[in-house]
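There is one chain below, alone, in structure tokens, taken in the form predicted on its own.
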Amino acid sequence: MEVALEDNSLMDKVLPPDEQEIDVELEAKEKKYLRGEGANLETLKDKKLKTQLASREKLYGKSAKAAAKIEKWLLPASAGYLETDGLEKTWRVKQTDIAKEVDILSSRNQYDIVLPDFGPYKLDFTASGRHMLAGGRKGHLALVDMMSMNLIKEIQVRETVRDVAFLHNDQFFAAAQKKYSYIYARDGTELHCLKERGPVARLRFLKNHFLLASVNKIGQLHYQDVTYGDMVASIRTGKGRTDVMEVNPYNGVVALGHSGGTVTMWKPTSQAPLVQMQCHPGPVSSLAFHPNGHLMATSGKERKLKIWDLRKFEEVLGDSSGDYSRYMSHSMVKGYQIEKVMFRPYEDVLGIGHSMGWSSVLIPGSGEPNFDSWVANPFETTKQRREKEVHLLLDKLPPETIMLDPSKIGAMRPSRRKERLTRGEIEAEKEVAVEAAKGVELKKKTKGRNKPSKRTKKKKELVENAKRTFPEQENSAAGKKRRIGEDAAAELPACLKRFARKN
């Protein structure tokens, strides 16, 4: 009977082959999230410490298992990559070679739209990567659905367009035109004309704060709240005209690149820059931020690229810290002048706006493979979009929350009041100051001015000056009584003040 029970328990432990493979895969993923080797609890003699460490290790194991399951079931897609054989270089692989190996849907993302009469073009994508906005310098605005490759709307504004930007979703977009900036609806209807900004050079939208940031030709930085239309801030940068502007997605700080090689960072509640970095010897041509907000890439007119760590404001990759290698390269048609390059979110696609239209190329590994439907959903319905818009308005952050370190929000502000020193500490500092005054060597002066009496008098003055910096501690009760008497005397009429008690 006992043998039969043992056999039954062994049968219960044996899993089907599919589940065994899943368990092996989960164990491999779990090792990736563990925090190194566990503590050796057998060598510990303290029972309390041993219990605490055991519970902590158990908690670490549970969190690693949960992270492995999330990666297995909720993050099924893996990032793309480009693998070469032997001595072959990845940057030698051409787009025609990639098109032969990818699926049909991915190959549709390789195209060239030739519009030579309206370029050069600026591009912008929605947060989900579903829609693209193209703005030609000669007034052409086009809204495109990138999944179906259908043209939603195109309009001709009949004047210069310097930049375009989506607002919080694909229903609204802004265009920086010749004299003013305009906000349009998805169907091409003009909604607002923003006259306070003047001729705008660059536009960016802060989605968490619902602020439309712009910099004009004379270097003025403007922040406008698009929910109620008021101008939140107007800042004179004092650096002249700039054509380089980006927003840090981590903290909402706006970075501007200037002709002197400096990069300045701004927030709407300050008229002075938060940070001013000298990044290049010549003009800054472009800059970009990592999605986590801790790294910044800059390039200059001297054709050099640098990577900066914004936590320490130090260069981590560039001329002084090493070399960087090319991953991929793409040769444009001769005569095409590139105006804007931008990666499409959640896709291995790079959009290129140039003087003859715009192009799209495949860059394996450039996109995030798994999207969060609560953050950006490429397949959202009309009902989901409306509900999300309401939630975004309810969760809107005030401009005061824009700062270099947003983790300080909700933390306790350190007290600015100086701690009062005790009587003993004051006396000790006083003695040190008196000894230092006594040890001062006086200059030897001319005859008649170097008498011992004058030297002694001078030393006494130095000691008295040192003591004067430490006022005497008066008795608290006596001081309080004296202050009450002074207040009462001040309230008396002028004819009775001569009878007030004098302390």
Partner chain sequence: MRIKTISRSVDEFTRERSQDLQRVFHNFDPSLRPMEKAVEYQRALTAAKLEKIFARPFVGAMDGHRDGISCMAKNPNYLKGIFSASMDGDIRLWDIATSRRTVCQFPGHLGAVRGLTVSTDGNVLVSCGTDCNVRLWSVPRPSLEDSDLSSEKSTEPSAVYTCKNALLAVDHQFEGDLFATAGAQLDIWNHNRSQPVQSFTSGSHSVISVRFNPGEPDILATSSGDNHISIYDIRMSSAARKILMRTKTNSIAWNPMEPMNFTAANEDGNCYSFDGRKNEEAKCVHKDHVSAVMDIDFSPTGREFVTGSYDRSVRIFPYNGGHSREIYHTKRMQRVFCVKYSSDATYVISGSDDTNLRLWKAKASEQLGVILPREQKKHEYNEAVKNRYKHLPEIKRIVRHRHLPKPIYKAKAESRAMNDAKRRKDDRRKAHSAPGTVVTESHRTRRIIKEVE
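On a predicted model such as this, the values are computed, not experimentally measured, just so you know. Numbering follows the first chain given and starts at 1. Here the rigid core means the biggest group of C-alpha atoms that line up within 1.5 Å when the two forms are laid on top of each other.
Although it is not shown, the form predicted together with its partner chain is what the next lines describe.
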Interface residue in the model of the complex among V114, L75, I218, V390, criterion: non-hydrogen atom within 4.5 angstroms of its partner chain: L75
Among the candidates D187, E427, D145, D372, the residue which, in the model of the complex, approaches its partner chain to within 4.5 Å (heavy atoms): D372
Stretch in contact in the model of the complex with its partner chain, which is absent here, among 220-228, 190-198, 173-181, 84-92 (heavy atoms within 4.5 Å): 84-92
Its partner chain contact at G238 in the model of the complex, heavy atom, 4.5 Å: no
P364: touches its partner chain in the model of the complex, heavy atom cutoff 4.5 angstroms: yes
Any non-hydrogen atom of E154 within 4.5 angstroms of its partner chain in the model of the complex: no
Contact of Y250 with its partner chain in the model of the complex (heavy atom, 4.5 Å): yes
Residues in 377-392 close to its partner chain in the model of the complex, defined by a heavy atom within 4.5 Å, in order: F379, T381, Q384
Core-aligned C-alpha movement of A28 between the shown form and the other one, 2 Å or more: yes
Residue shift check between the shown form and the other one, rigid core fit, I70 Cα at least 2 Å: no
